[in-house]
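Laid out below as structure tokens are two forms of one and the same protein chain, each shown alone and named structure 1 and structure 2.
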Structure 1
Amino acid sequence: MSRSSNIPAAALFLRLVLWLLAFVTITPFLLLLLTSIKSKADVLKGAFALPAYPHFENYVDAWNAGHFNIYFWNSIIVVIPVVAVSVFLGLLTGFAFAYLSFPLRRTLFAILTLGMMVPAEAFIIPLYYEMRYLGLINTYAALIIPQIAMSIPFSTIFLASAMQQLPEEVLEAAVLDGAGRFHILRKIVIPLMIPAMSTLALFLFIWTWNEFLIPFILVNDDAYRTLPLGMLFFQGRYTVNTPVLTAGAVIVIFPLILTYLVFQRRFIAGLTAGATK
């Protein structure tokens, strides 16, 4: 066989393997979706058997029994202020690190990056007692404030390096025109930073939505649980009722899949920019 006819065959085989791998990767999600519309009797027929008709009532059951009306709103009540305040504070701190001079600059920067490396697991015990001392255990503040604080290092570094890439001449011209710094930040820097800010917001949304440890430790009242936590306690009660359990899991991950599919290009571009910086 000549080499030229061999290569397309090999390339085709390789692509087949790649697509098979992609299929295997998303199979858990497909199985989840399939099982969530089965009846309990359908489940006994086998994991891959199709149900006679879709049982959407599982979603209603999961939503009601799993207190998802509470958890879903809690997740939203937490994620909005965390993303908004983190981006705002990241802009201010990032602006300072990008353009301004102040003492202990290097030390402060090192202390900030420390917060990106030390996992929350390492300081959750003192944080728990601090929140208890402040009387914030079992409040939205316990879910919101630590997550804003934890996001500050990444927000600062991400936005500072994006700001450093802005054309210096534009800013200098604005200074020469006699514009104040708040004015320049609001009218020139922020509009130019919209793409970076929205990428950052996307990341903070996913991280906050997915956070497990903070709500697990700092909140034990059902009224303040967020979706991943709700899922854990839901699992405890519904291990046997697989269709309702899987419907619950679909409810938790559905907003994430939707967000990912809508923003996926921006997501991947931002991820690699953030990670390799």
Structure 2
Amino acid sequence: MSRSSNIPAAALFLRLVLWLLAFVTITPFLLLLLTSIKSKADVLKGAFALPAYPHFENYVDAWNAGHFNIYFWNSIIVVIPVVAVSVFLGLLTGFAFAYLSFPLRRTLFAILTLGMMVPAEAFIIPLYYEMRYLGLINTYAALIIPQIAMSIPFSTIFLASAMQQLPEEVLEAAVLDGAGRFHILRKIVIPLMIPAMSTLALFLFIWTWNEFLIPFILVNDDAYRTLPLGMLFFQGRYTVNTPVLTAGAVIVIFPLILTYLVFQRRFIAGLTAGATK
């Protein structure tokens, strides 16, 4: 008897639905990838038509003509400090809100929650004038500092919630042994929080990499543009050359897909941490 015949009908139907959703989700990306290796003549044959041979020169044209080498490194320069500083500060503030007692604790937590709900469109104009007053327009600081400030509320709430799922017996034993707060944080909490910190880092990486509004308003120098902003100006120059344009889009999203594939196990572990407590 085959293995599929032992699967209940409800489970088999659920699998078919999941496979259908996966196919619908991945099809646009596969079409984007297929178009990026076509010639302009191949594009006219249809979306699903295969090219005679892959035109990888589209990626070279997009990389050189679109200045993606500059935009790529600018995105790296912005993303690394934003993710590192946001996770570090979120770890400290999350530990404080999860375990410590201090004045106005509930009020400060409510303010953090409120800050997470305010959209960037609501404060982008005051932020522009503030950055111009500080002389930070067209600098990496103009891209990094606001992103860190926007990430701290979510980092704090995310890590504080994850810390509250840790086994209380372990922390109580450390307190009874006379361990200080810094020792508990460094030796007990951080090792147990690695999956949650990895998930948070992946979230922040995706959000910062895709951020468009802040670079668009605070940076107008080509030397400081990030990949999503560079893609906007590249699209204006190559609208009629669809294969090169799609090759540029693949260059922009490829680091996100690669990062997710590398850290997907830690991402799932971080999301499910504490679910079986």
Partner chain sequence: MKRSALDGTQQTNFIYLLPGLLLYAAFVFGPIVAALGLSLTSWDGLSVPKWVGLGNYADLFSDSRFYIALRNNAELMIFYCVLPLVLGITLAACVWNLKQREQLALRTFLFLPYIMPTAVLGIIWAWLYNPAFGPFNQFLRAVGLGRFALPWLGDFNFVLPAVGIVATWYFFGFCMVIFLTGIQRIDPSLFDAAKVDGASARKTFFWITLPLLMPEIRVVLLLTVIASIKSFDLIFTMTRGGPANATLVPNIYMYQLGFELNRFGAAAAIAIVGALLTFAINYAIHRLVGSRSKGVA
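Not measured: the values here are computed from a predicted model. Rigid core (definition): largest C-alpha set, two forms, superposition within 1.5 Å. For residue numbers, the reference is structure 1: its sequence is counted from 1.
S.K.: Pick out the form predicted together with its partner chain: structure 1 or structure 2.
M.R.: Here the form predicted together with its partner chain corresponds to structure 1.
S.K.: Aligning on the rigid core, do we see the C-alpha of residue 217 shift 2 angstroms or more between structure 1 and structure 2?
M.R.: Shift of 2 Å or more: no.
S.K.: Superposing on the rigid core, I want to see if residue 119 changes position between structure 1 and structure 2 - specifically a Cα shift of 2 Å or more.
M.R.: Shift at residue 119: below 2 Å after core fit.
S.K.: Using a rigid core alignment, state whether the CA of residue 176 is displaced by 2 Å or more between structure 1 and structure 2.
M.R.: The answer is yes, as the C-alpha of residue 176 shifts between structure 1 and structure 2 by 2 Å or more after core alignment.
S.K.: Quick one: CA shift at residue 44 between structure 1 and structure 2, core fit, Å?
M.R.: Residue 44 C-alpha displacement between structure 1 and structure 2, core-aligned: 3.1 Å.
S.K.: So with the rigid core superposed, the C-alpha of residue 15 shifts by how many Å between structure 1 and structure 2?
M.R.: On core superposition, this C-alpha lies 6.7 Å from its counterpart.
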